[in-house]
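Shown below, as structure tokens, is a lone chain in the form predicted alone; questions about how it binds or moves come after it.
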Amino acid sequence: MRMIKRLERSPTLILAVITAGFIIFGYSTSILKITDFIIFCIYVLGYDLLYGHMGRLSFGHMLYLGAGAYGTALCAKYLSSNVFLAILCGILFGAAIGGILGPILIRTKGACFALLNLAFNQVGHFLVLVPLAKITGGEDGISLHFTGYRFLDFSNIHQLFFLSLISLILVAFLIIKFTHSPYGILLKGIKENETRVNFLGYNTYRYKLITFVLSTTIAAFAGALTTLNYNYANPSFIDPHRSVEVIFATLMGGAGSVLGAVIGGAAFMTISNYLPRYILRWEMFLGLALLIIAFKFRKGIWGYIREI
């Protein structure tokens, strides 16, 4: 119990555990798959900031991952194949989408917020498939080639693995510092009782907008790394039906915790990658697991470990 409390209070220990875990599994199994796991965990961390810390459930967060993926892809295809410039374009594109939609979305809450995100995700998916098909490649997507920078070549799977791992560590560190600051405490207050926080004189609108844009930016960063990992972008990266993946991973690991988000992301990717080999209708297992989590383990895997 002392070890768990010490781990939760020490950002250095949290980051060391995450780093060691992914390096060990990366070099003992398939480094390509573990890179995919790491990128998905970055996406889950961004979503958990919105859901776990601010209390806003979104059914359309794939829009922001897709924005980052297509922003990176379009930059590499039409502007410059420089990998860092392409990633920066993807991040900025996701932040811009969040900045445009945020003032509309954060005025709502509950089911309205969740469904509006889903609606905008559907619009984004449609735009990629039909009106902008000549630019985005439509259903076929865009195949890409990225040029390295000096000695850095991310077509090398080991370099890409360490880029993704360093990115995960930086994002986790950012969120730890963010949520353990007075700002993070205020964010928890908004989650628990926004009316009372407003009554105390805080401008909750501004805090919610900043958090929403930060969440969309992290999701876009994950999308940019996804494009870099696969060397293409296609409509599956923005498919609204896949938004359930990040929700399930967040609930599985335990919302409101960096370690919970990483554990949930890794657990979901493990299930979705390995279970289909043995069970044809593997999605049924996910549904049953979600029911068990909702009724029995509401704080997720990490929450359950803390309470034992």
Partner chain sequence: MLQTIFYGLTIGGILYIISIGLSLTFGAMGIVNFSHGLIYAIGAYTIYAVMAKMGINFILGAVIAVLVSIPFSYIIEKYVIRRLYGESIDYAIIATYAVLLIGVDAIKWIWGASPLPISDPVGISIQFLTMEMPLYRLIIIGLTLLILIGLSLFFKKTIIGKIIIAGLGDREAVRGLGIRLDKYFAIIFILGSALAALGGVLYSPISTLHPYMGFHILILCFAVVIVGGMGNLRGTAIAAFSLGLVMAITGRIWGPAAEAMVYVVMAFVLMIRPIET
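It should be emphasised that the depicted structure is a prediction, and the values quoted were computed from it without experimental measurement. We call the rigid core the largest set of C-alpha positions that still match within 1.5 Å between the two forms. Numbering follows the first chain given and starts at 1.
The form predicted in complex with the partner chain is left out here; the points below concern that form.
Peer 1: Would His158 count as touching the partner chain in the model of the complex under a 4.5 Å heavy atom rule?
Peer 2: Answer no; every heavy atom of His158 is more than 4.5 Å from the partner chain in the model of the complex.
Peer 1: Is it the case that Leu118, even though its partner is missing from this view, gets within 4.5 Å of the partner chain in the model of the complex, heavy atoms only?
Peer 2: Close contact exists here: in the model of the complex, Leu118 approaches the partner chain to within 4.5 Å, heavy atoms only.
Peer 1: Give a yes/no on whether Ile31 approaches the partner chain to within 4.5 Å in the model of the complex, heavy atoms considered.
Peer 2: Ile31: no, not in contact with the partner chain in the model of the complex.
Peer 1: Is the gap between Phe84 and the partner chain in the model of the complex 4.5 Å or less for some heavy atom pair?
Peer 2: Heavy-atom contact with the partner chain at 4.5 Å: absent for Phe84.
Peer 1: Quick one: which of 241-249, 256-264, 66-74, 33-41 gets within 4.5 Å of the partner chain in the model of the complex, going by heavy atoms?
Peer 2: So the stretch in question is 241-249.
Peer 1: Given that the partner chain is left out here, which of Ser143, Thr147, Ser236, Thr108 has a heavy atom within 4.5 Å of it in the model of the complex?
Peer 2: For this set of options, the contacting one is Thr108.
Peer 1: In the model of the complex, which of the listed residues (Ala114, Leu165, Ile91, Ile97) lies with a heavy atom within 4.5 Å of the partner chain?
Peer 2: Flagged contact: Ala114.
Peer 1: Hey, which residues along 270-308 are within 4.5 angstroms of the partner chain in the model of the complex, non-hydrogen atoms only?
Peer 2: Counting only heavy atoms within 4.5 Å of the partner chain in the model of the complex, the contacting residues of 270-308 are Arg281, Trp282, Glu283, Met284, Leu286, Gly287, Leu288, Leu290, Leu291, Ala294, Phe295, Lys296, Arg298.
Peer 1: Comparing between the shown form and the other one on the rigid core, is the C-alpha shift at Tyr274 2 Å or larger?
Peer 2: The answer is no, as the C-alpha of Tyr274 shifts between the shown form and the other one by less than 2 Å after core alignment.
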